[in-house]
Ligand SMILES: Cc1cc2nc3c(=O)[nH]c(=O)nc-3n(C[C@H](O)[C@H](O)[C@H](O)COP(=O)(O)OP(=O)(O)OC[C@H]3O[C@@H](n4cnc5c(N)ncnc54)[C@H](O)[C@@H]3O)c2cc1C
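Next up: a single chain in structure tokens, the form predicted on its own.
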């Protein structure tokens, strides 16, 4: 029987980043993916490292800050191992909100116009965030090469069909036969319930598009409101997203959804009307019941990491770091109580009081 110190189901950013961390800690790691690594939500993402997004739940702050602090090291290692570049495409975000949070400074119309000529400010107050982004497709090309170069056994088109913890490790059933490991991680994203049907995770479909804009009127900063975002990709190309749909595992592209998404983008930035839709795609983001990640033990020698929803790219290196610490017997460096499965359990009812004397 094939063996490893750690077996991981799921070759997205959570699974592969964790594999890199564990390998650096001296573990022999095998990663299984049902299709091609980095081909699902990780490739479909916009690539914003949106730690400062006002829409992020407060429970994410500590993990997001940790992950953001690890990103320079993470990208440098991926580039060194893969030989492929992952350039930072933007360093600022023009954030539109109905009401600014305390401490934020509103930009003047003149300041906004310098950053993004022609932005429609009606109904929005804008502030400037220091926030980087890269093209998720660059990472999707480089990360599988990096993990292989690091010594990870990456087995694509080989789904894990079942996994169970044992006294001494974990036993897996895979499409290529049984597999034994000292520990197992379910990092299959929207498909996590196939291995544990008790997980409250479901796919959240999102349409995305790339727009090409000719001419001199361009912007080098991300434009974002709660309705839509426009992310510069270089070469006068922009990633626009997202829709948010409960459509199960349907990955069909609906032209009317793409057109509505483009309409929202051109309403925010009318300059984009001078461009065209160059390509479109769909991603299935893993959403939990409360929108927060699930990072926890599942049973003996088994862990789960899913439910990262819209923040998988942002939270990847941080999730990998705390999982690697936990799975190798160390104390995770941040509090993970907000991400435990127990938060979905109904509170226990108090025991009935014993009847008094008659």
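Positions refer to the first chain, counted from 1. Note that the coordinates shown come from a computational prediction; the quantities given were computed from them, not determined experimentally.
Note that the form predicted together with the ligand isn't included here; everything after this is about it.
- Taking the partner from the other structure, the ligand in the model of the complex has no heavy atom within 4.5 Å of any heavy atom of residue 293.
- For the chain shown alone, residue 229 is a contact residue for the ligand in the model of the complex, at least one non-hydrogen atom being within 4.5 angstroms.
- The ligand in the model of the complex is not approached by residue 301, whose heavy atoms all lie more than 4.5 angstroms from it.
- Taking the partner from the other structure, the ligand in the model of the complex has no heavy atom within 4.5 Å of any heavy atom of residue 183.
- Every residue of the trio 36, 189 and 310 has some heavy atom no more than 4.5 Å from the ligand in the model of the complex.
- A heavy atom within 4.5 Å of the ligand in the model of the complex is found for exactly one of 213, 199, 160, 75: 160.
- Here is the short version: of 221, 170, 146, 208, the single residue with a heavy atom within 4.5 Å of the ligand in the model of the complex is 208.
- Heavy atoms within 4.5 Å of the ligand in the model of the complex are found in exactly one of 95 to 103, 278 to 286, 146 to 154, 110 to 118, that being 278 to 286.
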